[in-house]
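In the block that follows, a single chain appears as structure tokens, in the form predicted alone.
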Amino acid sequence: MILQIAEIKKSFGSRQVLNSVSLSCDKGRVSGLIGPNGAGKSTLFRIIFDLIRPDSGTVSVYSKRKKPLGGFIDKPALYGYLSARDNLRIFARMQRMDLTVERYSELMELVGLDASRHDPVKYYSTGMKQRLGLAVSLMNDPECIILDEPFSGLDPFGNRSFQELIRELARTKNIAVLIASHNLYDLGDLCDELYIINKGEIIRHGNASDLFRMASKSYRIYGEALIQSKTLQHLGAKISTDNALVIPGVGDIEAVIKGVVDEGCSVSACIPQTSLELLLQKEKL
């Protein structure tokens, strides 16, 4: 374990923003903090970075490094009129570091950006800016990076590409990653574990795959000749030319797909239709 948050409470005036929030992060693993806007995610991250003080509770970082944490809150605070290299130079100077040419090239390669570009960052795409923000986060070679809504504004391709980059960094660099998002799709198949936060409380925590499955009561199956499937018809699926929306009912989705394939229909994809609202319910699903 590299980061442990225990019983954090925080109020602003009469409004309680965080109520006994606890979570932990391990090296080489990606943990997700997911909840609707206003749930307290950014406030918690500001407490972790010691930007604001909690009313009670503790933040423990188990590391001997001087600066073991990296990351950004809301979005990377980049200088649009400067180049990527000049941006990193400024952030290095803020941290009393010397950014060598070799280290700059290493960071840019690590996040998948071209180190030879000299144009202002304002011309970068949203995805490129997020990658540059990640490079700033990695500058101190941290053991844990904390990213607040890193997929905001990305198109589906950029989203998937950035997810793969984060997963690769966690695995190959043995970095602990904590990500906050309000979108279950962003974190469902990226994280090893998920913490569900609502109104300042962690209301659910567990294996990401299990929670993602709990939030998937229906599935959209893509394939050919699905309209001929007796299995789908029996389940009352909404079937169109090349896809069907199905609620498995008592049987699981694997059994449904097997039944469809056994009937001679082809299945090219099965995408869960997830709902964060289901996970925000305190009742057992």
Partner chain sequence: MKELLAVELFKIGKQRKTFYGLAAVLVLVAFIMISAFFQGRGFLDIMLKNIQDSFEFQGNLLNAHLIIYLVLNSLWFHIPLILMIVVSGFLTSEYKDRTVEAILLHPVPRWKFITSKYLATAIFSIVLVLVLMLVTFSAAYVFFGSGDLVIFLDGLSFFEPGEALRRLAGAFLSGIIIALFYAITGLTLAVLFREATITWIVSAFFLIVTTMLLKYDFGWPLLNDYFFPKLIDSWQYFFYYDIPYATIWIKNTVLLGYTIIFALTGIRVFIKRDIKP
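Keep in mind that this is a model prediction, so the values were computed, not measured. Residue numbers count along the first chain shown, from 1.
Absent from the display: the form predicted together with its partner chain. The rest refers to it.
Can you work out whether its partner chain is within 4.5 angstroms of a heavy atom in all three of Lys67, Tyr79 and Asp86 in the predicted bound form? Yes.
Is Lys122 a contact residue for its partner chain in the predicted bound form, using a 4.5 Å heavy atom cut-off? Judged by the heavy-atom cut-off of 4.5 Å, Lys122 is in contact with its partner chain in the predicted bound form.
Given that its partner chain is not shown alongside this chain, does Gln95 nevertheless sit within 4.5 Å of it in the predicted bound form, heavy atom to heavy atom? Yes - in the predicted bound form, heavy atoms of Gln95 and its partner chain come within 4.5 Å of each other.
Close approach of Ala115 to its partner chain in the predicted bound form, 4.5 Å, heavy atom: No, Ala115 stays farther than 4.5 Å from its partner chain in the predicted bound form.
So, in the predicted bound form, is Asp74 in contact with its partner chain at a 4.5 angstroms heavy atom limit? Output for Asp74 is yes: heavy atoms within 4.5 Å of its partner chain.
Which of 235-243, 30-38, 212-220, 47-55 has heavy atoms within 4.5 Å of its partner chain in the predicted bound form? Contact criterion met by 47-55 only.
Out of Ile197, Val136, Val177, Ala180, which one falls within 4.5 Å of its partner chain in the predicted bound form, going by heavy atoms? If I apply the 4.5 Å criterion carefully, the residue I get is Val136.
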